[in-house]
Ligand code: NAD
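This document opens with one chain alone, in structure tokens, the form predicted on its own.
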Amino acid sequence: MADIAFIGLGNMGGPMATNLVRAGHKVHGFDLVPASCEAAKAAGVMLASTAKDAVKAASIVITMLPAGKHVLSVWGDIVPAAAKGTLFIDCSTIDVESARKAHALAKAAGLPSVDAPVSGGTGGARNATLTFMAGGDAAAFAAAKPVLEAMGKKIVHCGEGGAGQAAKICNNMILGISMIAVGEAFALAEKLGLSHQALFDVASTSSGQCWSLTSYCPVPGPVPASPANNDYKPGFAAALMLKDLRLSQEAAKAAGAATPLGAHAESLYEAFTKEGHGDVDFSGIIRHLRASTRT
């Protein structure tokens, strides 16, 4: 079993670190939020007073942080404190350029690194059923895979450094767009007098089938486990979907790719969050779509 430093013990990082403890690893954690630290401590994570202290005895370092600027700041602080051969894994969802800069920091210190953002939300983090999309060289990925398997059920090597982040933002652009499409369809069905269940029964077994419909249906009833049945408590908050859509559009601009639906999805989620719904599950966008329906 490994000595692991886990930096970032929030809604995702906390449960992920807990699953590493359950798998028998020795986990030293750090977070700036006292409540997150206490929850992790109760789950068996050994708390460190600073990120550097967490890293000193680690053979593997995992970060789960809000944005690229945070990853680069933390890695810039802790990479020099790491022992020779320490593997760095970043599970944050950040922009591709920042991910590549983080890899460069590790490489300059002679350390292997992997960018491994996740899909699966807080439920996947708790249940160790996350999907990891990883970027990095083959040797670093091979070293990271057993650790990632303690936190997820599907681990995909997407390519060199930054490829994991590229896969994540493309996937979540699809997700954001498809949830809007499903929400629009149900809003239209309501206007036409069609029941939620009738539309679900048809679309879930027809050409309209997609994950946003069959696993995360945005109306109460057809999928009991969806946030729609719990007043749209996340789940995956609308503010986080907006963050990912912004990342997709930044990447599209940098790459010269046309993503008109991605851009429109970004504008709709931006409007939804500006209305004060950033902490609502992203499937709650149907409320915004209903309010925008033509009369």
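In case it trips you up, residue 1 is the first one in the sequence shown, and so on. All of these numbers come straight from a predicted model, not from anything done at the bench.
Although not depicted, the form predicted together with this ligand is the subject of the following passage.
Proximity to this ligand in the predicted bound form, defined as a heavy atom within 4.5 Å, holds among 33, 47, 261, 57 only for 33. Interface residue among 64, 27, 238, 265 relative to this ligand in the predicted bound form, by the heavy atom within 4.5 Å criterion: 64. With respect to this ligand in the predicted bound form, the three residues 212, 219 and 284 uniformly fall beyond 4.5 angstroms at the level of their nearest heavy atom.
Although the partner is absent here, residue 122 is a contact residue: one of its heavy atoms lies within 4.5 angstroms of this ligand in the predicted bound form. Not displayed here, this ligand is approached by residue 9 to within 4.5 Å at the level of heavy atoms in the predicted bound form. Residue 246 falls outside the set of residues with a heavy atom inside 4.5 Å of this ligand in the predicted bound form. Interface membership of residue 93, defined by any non-hydrogen atom within 4.5 Å of this ligand in the predicted bound form, is confirmed.
Only one listed stretch (66 to 74, 249 to 257, 224 to 232, 38 to 46) carries heavy atoms within 4.5 Å of this ligand in the predicted bound form, and that stretch is 66 to 74.
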